[in-house]
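In the block that follows, a single chain appears as structure tokens, in the form predicted alone.
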């Protein structure tokens, strides 16, 4: 097995991404943005995708990318989770990019890798790898239908649409009607995509492309959940050191120490699961099992950790001005993204031939 510890290069990447997001995604700014009509932070996305070249980490160098691995992408996603950054990185640089890598479309890969375009796979955020997904009708070479629950659809320049003929089609976002949907996580907006005779270019077969995209998304989502959870632990420890009661920091009370120790253990376990999943995706070894294990653990763990953070913050944690609600909403939304923990446990049972009685 590979070394799951972070390399020097990965730590340097983390530091650079954290500095950039610290300048663009301060808590008050993120809250103000999600209250506006433009929830995506285009300036942060441009800095990440174009200035730092992070949109093309998974794309080979000969296609204009960085030729990196899923481990580096996982580090970026940890930091994006730590800041609940409202950017379409997971949707474009992971999901859409993986689908295009499966299809081998060099033109679109180059557009996405450069950061000049945002790609979105028009499959519902809740769909797990290997499960059925909605498709568009194909009539006289034109696409028709409505696809719902599409993450970051409003930021898309190009949509990757699965059709009833088994193909995956590239549709320019300008040729589709995209309407926002109400979603719990305000930092990752959902949208409904309506196609009414939209022209599309066939890229390849949809089934293997969608499976690859959703599998990578589920495996790397654990790293985003790790970033969310690690922020919750760090901020809660800081708050309990500063908050005083009876002339002493409340973090000194044994009952709260025990609760924080349990949170720390869950963060450590979550980090192990997330790193294992990212490494498996990088090496291609036991990928299905590693992804299923990661999501089976990460989804409920991240929710529990942020719920504890909210409770331990007391009254201030219940206010809109404190950002902990953004993290709880992200953790809750992530817990059903790309398959629930239950769906991944069921998949894992089949993979290791351990069926329930």
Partner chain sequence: MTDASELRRRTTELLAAHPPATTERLDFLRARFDAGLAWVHYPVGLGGLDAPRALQAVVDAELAAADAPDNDPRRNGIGLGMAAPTILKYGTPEQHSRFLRPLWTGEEVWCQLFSEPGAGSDLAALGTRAVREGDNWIVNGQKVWTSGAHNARWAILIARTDPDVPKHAGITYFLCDMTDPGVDVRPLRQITGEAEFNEVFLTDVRIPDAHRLGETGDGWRVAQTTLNNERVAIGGMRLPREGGMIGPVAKTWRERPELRTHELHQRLLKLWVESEVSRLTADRLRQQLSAGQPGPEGAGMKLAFARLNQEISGLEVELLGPEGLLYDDWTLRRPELVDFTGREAGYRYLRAKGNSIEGGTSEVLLNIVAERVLGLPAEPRTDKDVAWKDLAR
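Predicted, not measured: the structure shown is a model, and the values here were computed from it. Numbering follows the first chain given and starts at 1.
Keep in mind that the form predicted in complex with the partner chain is not shown, yet the notes after this line are about it.
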Q: Indicate whether residue 20 is a 4.5 Å heavy atom neighbour of the partner chain in the model of the complex.
A: no
Q) Is residue 297 close to the partner chain in the model of the complex, meaning a heavy atom pair under 4.5 Å apart or at it? A) yes
(Q) Even though the partner isn't displayed, in the model of the complex is residue 174 close enough to the partner chain, meaning a heavy atom within 4.5 Å? (A) no
Q. Though only this chain appears here, would residue 289 touch the partner chain in the model of the complex if you measure heavy atom gaps against 4.5 Å?
A. yes
Q: State the residue from 103, 210, 193, 273 whose non-hydrogen atoms include one within 4.5 Å of the partner chain in the model of the complex.
A: 273
Q. Just one of 241, 137, 116, 201 has a heavy atom within 4.5 angstroms of the partner chain in the model of the complex, so which one?
A. 241
Q) Thinking of the partner chain in the model of the complex, which stretch from 164-172, 178-186, 256-264, 119-127 has heavy atoms inside 4.5 Å of it? A) 256-264
**Q.** Residues within stretch 4-41 having a non-hydrogen atom within 4.5 Å of the partner chain in the model of the complex
**A.** 4, 5, 6
